[in-house]
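Subsequent text provides structure tokens for two forms of one protein chain, presented individually as structure 1 and structure 2.
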Structure 1
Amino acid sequence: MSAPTIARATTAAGVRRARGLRRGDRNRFLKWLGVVLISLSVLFPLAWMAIAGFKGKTEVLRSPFQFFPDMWDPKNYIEIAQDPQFARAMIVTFIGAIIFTALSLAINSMAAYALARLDFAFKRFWWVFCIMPMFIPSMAILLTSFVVVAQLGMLDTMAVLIIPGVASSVQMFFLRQFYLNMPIAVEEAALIDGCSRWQIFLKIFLPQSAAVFVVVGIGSYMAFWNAYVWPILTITNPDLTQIMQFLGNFRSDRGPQWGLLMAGSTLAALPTIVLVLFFQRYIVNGVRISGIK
């Protein structure tokens, strides 16, 4: 190879590298721009809700339009947090959600374990029985569920909020999917060591279920916390008012106090958002567990 060829080759490569760099920079800039734009537009409504909570009565809706409050005054947040009805609704719903989550994890994981790892008579029938509700639209049973709980004398109790939704085909399905993928060797070893099925479930399967329980448990928690239609049908006692019921009825109960309502909505949305941010890693893992990555 003669000297000129080498020279030309190096400069060509150099030019290509330089151009590549410039293109890489532009790409990186575009990616950052995309990230910022998408995040801003997806999160904007939530940010707007939180901002409105800081606005005074005259600022919150007025023309000419005002984006940020003149003064970042947490008055609305303090007022709504001290509102006895709001505070009570938050606490009652929170307690209900915790009990609901614990019960549904217990019931659904037991059934999931049996349907995944045990062999028993009419298993196929019970499997279809437990999974079928997934395909029944909620409206088809909502109204008669109401009639049924009314006949059982459950209206206006905590039980009516908790019990009817505890057994969940969807959750059971999800947990069973997880248990199906556990290696059988451990189980067999435990059986040889004389463990009972209950011991295997409690001592081997449950401790390994932490990650999947977080995912499924957050699902239960949110379902309860965010429930609206079932509470407005079954709860009339103001002492048991659920938080979404309180917010949904706020405008008709108290008129258009938007600053207060937005502050209350922000506070009510926070627990679930914080949960998800806190367990974000688990949720991603949970999705991977289910075989999706």
Structure 2
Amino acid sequence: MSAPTIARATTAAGVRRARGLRRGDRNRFLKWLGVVLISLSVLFPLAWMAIAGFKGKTEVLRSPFQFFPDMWDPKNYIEIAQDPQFARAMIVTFIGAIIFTALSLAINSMAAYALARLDFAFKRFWWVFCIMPMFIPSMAILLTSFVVVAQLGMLDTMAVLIIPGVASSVQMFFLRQFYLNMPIAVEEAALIDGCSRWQIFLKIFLPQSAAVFVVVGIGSYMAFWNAYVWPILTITNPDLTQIMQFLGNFRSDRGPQWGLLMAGSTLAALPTIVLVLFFQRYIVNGVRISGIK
């Protein structure tokens, strides 16, 4: 091959390499641009809510729109934090969320293990029966659920907020997918060594379920913390008022104090935000190992 031919081939290869690099840089730029835009669209409402808590009564809905307040005044946060009704609603909701989460993890994990690993009569029927609620909108059974808890005398109790939603078909499905992916050889070795099914569940499956438990647990916690319609229907006792119920009734109870409402909403959102940020690594890992694509 002559020198001019080699030079032309080298030049063409260099041009193709340069085009590939430019194309890769352009793709990376578009990817990061999309990440930035999505992040801004998610964070903007939260930032506006938090900043609106520092505004006066007339500044929040001012026209034309103004993102930052004229004067940063924390009085709304101080006032709402010192409100005994707000503090009680936060504490009661937090305690209920912890109990609800613990019961959800216990019940749904045991059900998922039985449906994934045990053989029993009509197993396929019971699996379909357990996941059927996934396809039924909660609003469609809201009235009948209210009638049931009313006849059981559960209204205005913490039990009415916790018990009806503890068993979750979504969480059973999620945990079952994880248990199906665990190696059968470990379970068979434990059976040979004389372990019962209960011991296998407690000593082998539960220790391996930390990451997926974080995902299920946070889902349960957020479902209880953010519940609004069900507490509105079933709770009239002020001592059991939930935080979203308190915020939902804020305007009708206290008038259009938008700055105070934004401060209360920000404080109500903080526990969930901190929880998700703290466990974010476990959330990603739990989704990955559970086989949910």
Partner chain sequence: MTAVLPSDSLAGQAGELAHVASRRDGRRSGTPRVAKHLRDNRTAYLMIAPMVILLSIFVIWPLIYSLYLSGFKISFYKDPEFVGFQFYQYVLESPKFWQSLGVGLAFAAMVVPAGMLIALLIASFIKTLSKRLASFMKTTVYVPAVVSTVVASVLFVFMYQDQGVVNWFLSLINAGPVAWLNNPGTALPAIAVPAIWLGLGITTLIMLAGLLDIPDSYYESAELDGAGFVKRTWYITIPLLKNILLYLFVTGFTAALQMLDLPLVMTNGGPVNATTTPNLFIFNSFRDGTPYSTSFSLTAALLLFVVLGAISVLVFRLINSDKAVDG
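Here the structure is a predicted model, which is why all the values come from computation and not from measurement. Residue numbering: structure 1 sequence, from 1. We call the rigid core whatever largest set of C-alpha positions still superposes within 1.5 Å between the two forms.
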- [ ] With both forms of the chain shown on their own, indicate which is the form predicted on its own.
- [x] 2
Open item on the list: For a quick test of reading the superposition: does D253 move by 2 Å or more at the CA between structure 1 and structure 2, rigid core aligned?
Closed with: no
Open item on the list: Is the shift of D70 between structure 1 and structure 2 large enough to count as movement, that is, does its C-alpha move by 2 Å or more after the core is superposed?
Closed with: yes
Task: Post core alignment: V60 C-alpha displaced by 2 Å or more between structure 1 and structure 2 - done: yes
Open item on the list: What does the CA of S41 shift by between structure 1 and structure 2 after fitting on the core? Give it in Å to one decimal.
Closed with: 3.3
- [ ] Any chance you could measure the C-alpha shift of K31 between structure 1 and structure 2 with the core superposed, in Å?
- [x] 6.3
